[in-house]
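Given as structure tokens, the chain that follows is alone and in the form predicted on its own.
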């Protein structure tokens, strides 16, 4: 009896040990740092990025986690506000990498803050995903960096060619961008592409982020009488305010925001002046192209964020699944090993397609997710997909 009792006790201990081991296994966590704007004109991008990172992490956890070396890992998203500037980007980089011990950046926004992050991450062999538009952060000199959305190198040639074809009579463009790394790199490429499409650059100006009075800027743009006004990398709230001032001045032309991501942000400050704006980073979830999964997650986002998801935010979902695929293929959670394998994997993107990485011809290495370029336009107050182009 004693032996039997001991056997039961031993079995109970073993069972308890198994439960503890299982619980310990479930607690294996990989931190994903996010350097995003959570305040200011671009806050909508950061808050949506955090939402989609958490959504992907939850889906993966519910699906059984990430299987590596006989262990099961799950992701935890840690978001810090970089306020879309280099100074705050440096603080965020130090917090994520030095204080939190993060080895994987699940996503980052803004060329200037990302440059600050990248410099520190490279010294610590941390893997960085980014939606930053700057070409300066890409290439063979940055083997730990990967781009999780289409950037000017992918979007501008196809978007501008599409618009030029739609408006063959429009032969002049006035450009305006934020006065930082994102704006300057966008402006340089856009100017070249407009020129290659036979459109003359009437002017190309910059403004400081944080500007709240846009009437003088709009007056300057209107005075040039351009057929097209291209606000490049201007965030939605600022772009809406500028188009509203242009509307007051009576300017009627082709409106473009290359980094435009949705109608809600534009309408919040621009009202009816948002009508007709073309965008290169917007996504719609109302048409036949939208999957049931996209519609369901987008409804959750609208309830939580107050507006639909966009391409900037979707990259933070895709990077989580890309990391899962690379970690399982490499059978490792070492960031350098994962970075070596990442260009070889494919994964199911939030866009509903299986995608991999490309870009060697343009950047010298395959670091760019191959994603569709969706041209959208605000029509009747709603964002409408008018073309889907393949880079």
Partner chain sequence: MQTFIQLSATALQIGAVYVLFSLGLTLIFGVMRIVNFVHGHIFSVAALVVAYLLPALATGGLSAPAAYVLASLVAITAALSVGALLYIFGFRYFQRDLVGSFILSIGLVLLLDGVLLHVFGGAVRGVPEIFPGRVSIGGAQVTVQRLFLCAVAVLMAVSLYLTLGHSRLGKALRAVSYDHEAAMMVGVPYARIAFFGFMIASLLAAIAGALLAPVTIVSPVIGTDYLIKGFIAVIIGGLGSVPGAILGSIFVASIETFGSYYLDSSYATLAIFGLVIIVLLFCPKGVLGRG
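Numbering follows the first chain given and starts at 1. These numbers come from a predicted model, not from an experiment.
The form predicted together with the partner chain exists for this protein as well; it is not shown, and the discussion that follows is about that form.
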| request: Using a 4.5 Å heavy atom cut-off, indicate which stretch of 113-121, 236-244, 254-262, 152-160 touches the partner chain in the model of the complex. | output: 236-244
| request: State yes or no: in the model of the complex, is some non-hydrogen atom of residue 228 no more than 4.5 angstroms from a non-hydrogen atom of the partner chain? | output: no
| Interface membership of residue 206, the partner chain in the model of the complex, 4.5 Å heavy atom rule | yes
| Would residue 30 sit within 4.5 Å of the partner chain in the model of the complex, counting heavy atoms only? | no
| query | Using 4.5 Å between non-hydrogen atoms, is residue 101 touching the partner chain in the model of the complex? | reply | no
| field | The unique member of 85, 300, 166, 211 whose heavy atoms fall within 4.5 Å of the partner chain in the model of the complex | value | 211
| note | The listed residue (67, 39, 332, 346) that reaches within 4.5 Å of the partner chain in the model of the complex by any heavy atom is 39
| query | Since the partner is left out here, which residues of 212-234 would have a heavy atom within 4.5 Å of the partner chain in the model of the complex? | reply | 212, 213, 214, 215, 216, 217, 219, 220, 223
